[in-house]
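Presented as structure tokens, the chain that follows is alone, the form predicted on its own.
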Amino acid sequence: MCEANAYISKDGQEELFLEAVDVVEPIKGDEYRLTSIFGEQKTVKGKITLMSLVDHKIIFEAAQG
């Protein structure tokens, strides 16, 4: 499997945002649409701080505001 779990980094902790992410699409600026292999979609506003495909992990730092 090639999917990864997406996390939001808050106060040095990683909080699970969406499991089994298959697609990460930039929407505009610092906004991304994530789609899981199950068809679930979520939008996150922030920046990607780490993508480790070997560890199946994508980490976002949430935008302030």
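Remember, predicted model here, so these are calculated numbers, not experimental data. Quick note: we count residues from 1 along the sequence shown, nothing fancier.
Although it is not shown, the form predicted in complex with another copy of the chain is what the next lines describe.
Peer 1: Glu14, Leu18 and Ala62: each with a heavy atom within 4.5 Å of another copy of the chain in the model of the complex?
Peer 2: Checked in the model of the complex: no contact with another copy of the chain for any of the three.
Peer 1: Is there a non-hydrogen atom of His56 within 4.5 angstroms of a non-hydrogen atom of another copy of the chain in the model of the complex?
Peer 2: Judged by the heavy-atom cut-off of 4.5 Å, His56 is in contact with another copy of the chain in the model of the complex.
Peer 1: Check whether Thr49 has any heavy atom within 4.5 Å of a heavy atom of another copy of the chain in the model of the complex, and answer yes or no.
Peer 2: Yes, contact at 4.5 Å.
Peer 1: How about Pro26 - does it come within 4.5 Å of another copy of the chain in the model of the complex, if we only consider non-hydrogen atoms?
Peer 2: Yes, Pro26 is a contact residue.
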